[in-house]
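The chain below stands alone and is given as structure tokens, in the form predicted alone.
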């Protein structure tokens, strides 16, 4: 079986299985030639998006070995295991465990451990050495083909034409002539592989600030057991957070299943949190939501709890008699958010603007850092009363109203196909828009009017006479 896809204007083989490789087929061979050689060949179409999704899934599973996992498409992963190998008994045991598990999942994989990304890349694809001793990448890479340096095919073809077939042939050459012909990328890639030039790994996600985990010889299946372990891990996590004076703002629970699937559950908090029982309660609410696809399958063999975001949290003593209403409200917001989602649990927050419809915004409740009542300035007695109901979008009048003066209050107007006659009014209250918005936001004159039919409305005129070509009138709210 082979996989073929469009490369440029040609259909080429992009992958072959072992049986096809034994027949002499290789990546890059035209599909027409392969079918001419073997008419019964089984061909599958290349699907780059599916390959990328599978690589992402395997990368998520590799988080059991290290939090720093980078993608090396189309078929590779880069794991930074610095400081992690001892958790598995050493590099040799980590290497063996990784390949054995991938083999049980049905994948053919090769892996190599080295000081540099470039050396590990070359050895995993072309070498026989699996673990390179510190500083030994030069000797280990000497006999490997030039394709191990991650160079363009044109550069590799040019080097082969010049008589260079392996990486070791480049060690003693003068650099200037080859750099002038092939560019500096040749020596940059070689220096990266040899450790002379740093090469960073771009992880698929940032490493969490604090992490605790527990592995199991016998997998867990029941949700009740998962929650018990979650509270146990939360207790260990709170100890770590307390030692550093931190509190969690976002928590992630990772459940590693036996078949390689990884389930990730995230819960946010309104304020820094350091309470094991409440952390467990958050994930109880998270696991019972409709969008949670909890499926233990054959069970979980590793559970990890991470504090992805933290803030300073100093110890404080609560009062002996009065309850902490702000903390209780924050806890309620956290539980509702975990169950319903942050887009459904909102809180009205004041905004720094005079525009009535923008004076407050509905934001996710967890974005509010403090739930205690804010100390607002005293009410300005000169400010007019605001209507009980404010329209989110002002509604224009059906006609140009009749007024006693061009800039006065209207006497009669039509709104929602109903004629209204004004019997009493107050105003105007002038609200100027922000100066940086320019002419697109003209000044408004607001009037509180009482109509003969009992309606009490909040009207405003947009634009000033003498400055606007034709000022317009709107209804912005209703009084009781």
Partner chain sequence: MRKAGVSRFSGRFSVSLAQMQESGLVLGPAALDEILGGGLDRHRVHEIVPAGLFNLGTAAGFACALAARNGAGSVVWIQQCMAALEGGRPYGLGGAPFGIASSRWLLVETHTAKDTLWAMEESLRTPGVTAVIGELAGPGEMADLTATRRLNLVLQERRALGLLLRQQFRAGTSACGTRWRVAAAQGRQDGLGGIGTLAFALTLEKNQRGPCGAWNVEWNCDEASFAALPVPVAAPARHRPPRAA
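Just so it is clear, the model here is predicted, and its values are computed rather than measured. Numbering follows the first chain given and starts at 1. Rigid core: the largest C-alpha set superposing within 1.5 Å between the two forms.
The following text describes the form predicted together with the partner chain, which does not appear among the structures shown.
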Option touching the partner chain, based on a heavy atom within 4.5 Å in the predicted complex, out of 45, 53, 424, 36: 424
Residue (of 386, 125, 175, 244) lying close to the partner chain in the predicted complex, criterion heavy atoms within 4.5 Å: 386
Options 413-421, 27-35, 60-68, 45-53; stretch whose heavy atom lies within 4.5 Å of the partner chain in the predicted complex: 413-421
Touches the partner chain in the predicted complex: residue 400 (any heavy atom, 4.5 Å): no
The partner chain contact in the predicted complex: residue 395, any heavy atom under 4.5 Å: yes
Contact label in the predicted complex: residue 339 to the partner chain, heavy atom within 4.5 Å: yes
The partner chain contact in the predicted complex: residue 449, any heavy atom under 4.5 Å: yes
Residues within stretch 334-353 having a non-hydrogen atom within 4.5 Å of the partner chain in the predicted complex: 335, 336, 339, 340, 343, 344, 345, 346, 347, 348, 350
Large Cα move at residue 391 between this form and the one not shown, threshold 2 Å, rigid core: yes
Exceeds or equals 2 Å, Cα of residue 422 between this form and the one not shown, core fit: yes
Core-aligned CA displacement of residue 185 at least 2 Å between this form and the one not shown: no
